[in-house]
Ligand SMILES: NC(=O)c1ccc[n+]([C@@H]2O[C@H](COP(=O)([O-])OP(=O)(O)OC[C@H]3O[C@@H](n4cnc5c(N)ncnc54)[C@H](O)[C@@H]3O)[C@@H](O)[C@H]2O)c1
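Given as C-alpha cells, the chain that follows is alone and in the form predicted alone.
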C-alpha cells in the first residue's frame, strides 16, 4: 500500500524539496501551509498529493487537517515538521509577542502535529516523525534568541517522541546549516550589504558553500524510507562542517 507523508511548511525551501523527493519515492504527499501557493504546488506533483491550508500553530486546525488526510488517503505514515520562521533579536530586545510567534510556529506546531498524527501511525504500526531543527540547536549566532531556543527544544521533543512511541514510531531531527532558501534570502535582504553577508555564510562552512534545499530534502526522504529503519532519537547535522573547527585555526 502506498504510504502517505505530511510536510508542514511545504510550499517553499526545504519543505518543497522534501515534498518533491518524497513524491519521487512514491509517497502520497500532503502539504500543510498557510501559503495559498500550495494549491499550485500540488498541481506539479499530481493526483497523489493534497494541499491543506492550515495554521499549524492552532490545535483545532491541525486536528481537522489530520482528519482530512485520513479521509483522503486512509493513513498517515510520515510527518515532516518543517514549518518555521526566523526573527532577529536578543532576549532583552524580544517582545513577548515575537517570542510567542516564533515558539508557536517553530516548536508548538511540531508538538501539535505529532500529537494528532502519531495515533494514526500507531494504528498502522509503523511511522516516522522527522523534525527539521537547525545547526543552531548546537551553536548560535548573535541576535537569534527565540529561533535558536525553539530549534534547540526540538531536539528534546525528538528524543521524547522516540522514547515514548518506540518501536512503532521512529523520530529523527534533521539539523541543516545555511541553506539557500527564501528565508535565507529574506534575511540577507535585511543587511546593507547582502552579498558580503552571503560570502560570510559561505566562509563559515568547511565545504566553502551553502547547501541546497534538495540536499536536505534527499536526507529527509532517506530517513522516511525503509532504508533508515534503525535510525531513531538522533539529531543529524547536514551543515557542510559548520561549527566544528575552532575559530582562528589554520591548516598547516
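Positions refer to the first chain, counted from 1. Model, not experiment: these values are computed from the prediction.
This next part talks about the form predicted in complex with the ligand, which is not shown.
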Candidate stretches 29 to 37, 65 to 73, 222 to 230, 192 to 200, one within 4.5 Å of the ligand in the predicted complex by heavy atom: 29 to 37
Interface membership of residue 240, the ligand in the predicted complex, 4.5 Å heavy atom rule: no
Partner proximity in the predicted complex: residue 105 to the ligand, non-hydrogen atom cutoff 4.5 Å: yes
Close approach of residue 178 to the ligand in the predicted complex, 4.5 Å, heavy atom: yes
4.5 Å heavy atom contact, residue 151 to the ligand in the predicted complex: yes
Every residue of 4, 114 and 162 near the ligand in the predicted complex, heavy atom within 4.5 Å: no
Any residue of 75 to 102 that, in the predicted complex, places a heavy atom within 4.5 Å of the ligand: 82, 83, 84, 85
